[in-house]
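One chain comes next, on its own, written out as structure tokens in the form predicted on its own.
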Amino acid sequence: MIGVLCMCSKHLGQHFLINPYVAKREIEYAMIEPDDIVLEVGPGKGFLTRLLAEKAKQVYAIELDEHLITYLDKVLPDNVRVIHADAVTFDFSKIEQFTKVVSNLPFQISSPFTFKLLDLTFKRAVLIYQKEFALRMIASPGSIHYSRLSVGVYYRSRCKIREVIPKSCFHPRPLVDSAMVELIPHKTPPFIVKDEQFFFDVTRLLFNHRRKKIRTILSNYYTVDVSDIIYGDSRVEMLSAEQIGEVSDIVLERLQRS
């Protein structure tokens, strides 16, 4: 076991979950059923994977570290398929449609993988992140944690922090605590925008210049007149997702008329 624990690669952001009680609660929150197809990203030494395989019909485990692939293939049961790939760039259409996502995510892919996940179809996800990242996911306008991530998560899903996980539950021990997050996709978004991609593009633009006023950012980027734009004197960190949606709709309408 010690030899396996030492397989971790710090440059891949690997911190293996070693507390069985946390792993079991993670699976309980995911409500794994016998017909579920589960996606796990970053299985590490297969600690969580084995428990998932006991409950689910099929587990797809995406692992980037080639040093772990051979080991995992030897120790995991037949209903686990280990895939050597980068989850951020992997084409998920190449595997069966998964119903649940349960993972202790490598820290360095938290943001890109979460944005990718929010565009995919699934019933429920239970993911372990760094605590600060998890706080960004549920942050409200005016909070120091409020970000583009907060807006994207709110628009796509119901998000809840289930519990904070201390550093001692991982090997090697990370510098910060983690948090277990539950994501349940909305059947329909909490509000409607004219063009979702344009809404997300405007959201990214505004948060990339979050210290500037809305009007200034938009006038520097778009060719249409935004001198009277709604919330023009505000900064994006004070706007709700719905208000950002209003701004994006107005800008899009003016661009289409120009």
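All values reported here derive from a predicted model rather than from experimental measurement. Each residue number is its position in the shown sequence, starting from 1.
The same protein also has a form predicted in complex with ligand SAM, omitted here; what follows describes it.
- Here the marked residues V101, K131 and M180 all miss ligand SAM in the model of the complex; none has a heavy atom within 4.5 angstroms.
- For ligand SAM in the model of the complex, the listed stretch (134-142, 151-159, 116-124, 78-86) containing residues with heavy atoms inside 4.5 Å is 78-86.
- The listed set V226, A53, L64, I37 contains one residue whose heavy atoms approach ligand SAM in the model of the complex to within 4.5 Å, identified as L64.
- For the chain shown alone, P174 is not a contact residue for ligand SAM in the model of the complex, no non-hydrogen atom being within 4.5 angstroms.
- Ligand SAM is not shown here, and in the model of the complex it never comes within 4.5 Å of any heavy atom of I165.
- Looking at S248, you'd find every heavy atom of it more than 4.5 angstroms from ligand SAM in the model of the complex.
- For the chain shown alone, L48 is a contact residue for ligand SAM in the model of the complex, at least one non-hydrogen atom being within 4.5 angstroms.
- Applying a 4.5 Å heavy atom cutoff to ligand SAM in the model of the complex picks out N104, L105, P106, Q108, I109 from 99-119, in order along the sequence.
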